[in-house]
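Next up: a single chain in structure tokens, the form predicted on its own.
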Amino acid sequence: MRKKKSIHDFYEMKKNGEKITFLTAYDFPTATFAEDAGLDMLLVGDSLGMCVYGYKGTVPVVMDQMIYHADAVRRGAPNTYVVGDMPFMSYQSSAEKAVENAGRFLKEADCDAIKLEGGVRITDQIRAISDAGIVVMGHIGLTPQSSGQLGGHKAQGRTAEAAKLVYEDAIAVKEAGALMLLVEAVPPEVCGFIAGQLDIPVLSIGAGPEGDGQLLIVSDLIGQFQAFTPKFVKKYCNVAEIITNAMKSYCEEIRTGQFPQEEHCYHMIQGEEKKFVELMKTAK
């Protein structure tokens, strides 16, 4: 049994230049695969809205859904650091509500930390959650929950002024008490600069190789999510094709009588078939 990493381990990894491996997971089987593969950290992301439930975005996801999936992931990966993702409107309205909902991830799903989107404007919530003794991961750059204000799912920080705003968000999040930071869809030089300036682990998703580690959406990585593929994604396999072809073969074998075969059947205990025939003669 491997030892689960702690926040202190991630700080040591940053100090030593070791990259942190980070991936989303939404269910028990995927979590077991991830732990067996040696992932350092798992995010139960609100991206499950699209990847699991088929929503157009992350906004419809609610806390109960997140807790349900986080609990399954924890059971599947008991020795992996698990981060619960705060869904839309679970923290924006007040610091008190933010603390209450963040606490649910720890109390009901045994998560190790929580993540929430936003920079300067949510520092009160970050500070309150941190003061409650909960490890906070910030999330800046492209923040999908507020993508409407950003003009859609577009890369951020691509001009000098825009990059400066991303950096200011990073500083604000760190000073408010976040112990880790996720930077999404910004130029590599921006993420690299932030990682070099901050003493907390800075993870990249679509922000180049200069962060202290990388995150991908598992459904993108394995080729399961088919609606669209972000530029920064690398597909390591295509399970959608594999599964679809398997289902086609299943349908074909049923229609042609190839399935099931003798080896797929259960049989009555020797001598019981004759008794069954006799018994059925008297049945109504």
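One rule holds for the numbers: they count along the sequence shown, beginning at 1. In this text, all values refer to a predicted model and were calculated from it rather than measured experimentally.
Keep in mind that the form predicted together with a small molecule is missing from the display, and what follows is about it.
205 is the sole member of 205, 194, 98, 181 with a non-hydrogen atom lying within 4.5 angstroms of the small molecule in the predicted complex.
With the small molecule omitted here, the record of contacts in the predicted complex names 215-223 of 237-245, 32-40, 251-259, 215-223, defined by a heavy atom within 4.5 Å.
By the criterion of a heavy atom within 4.5 Å, residue 169 is excluded from the residues contacting the small molecule in the predicted complex.
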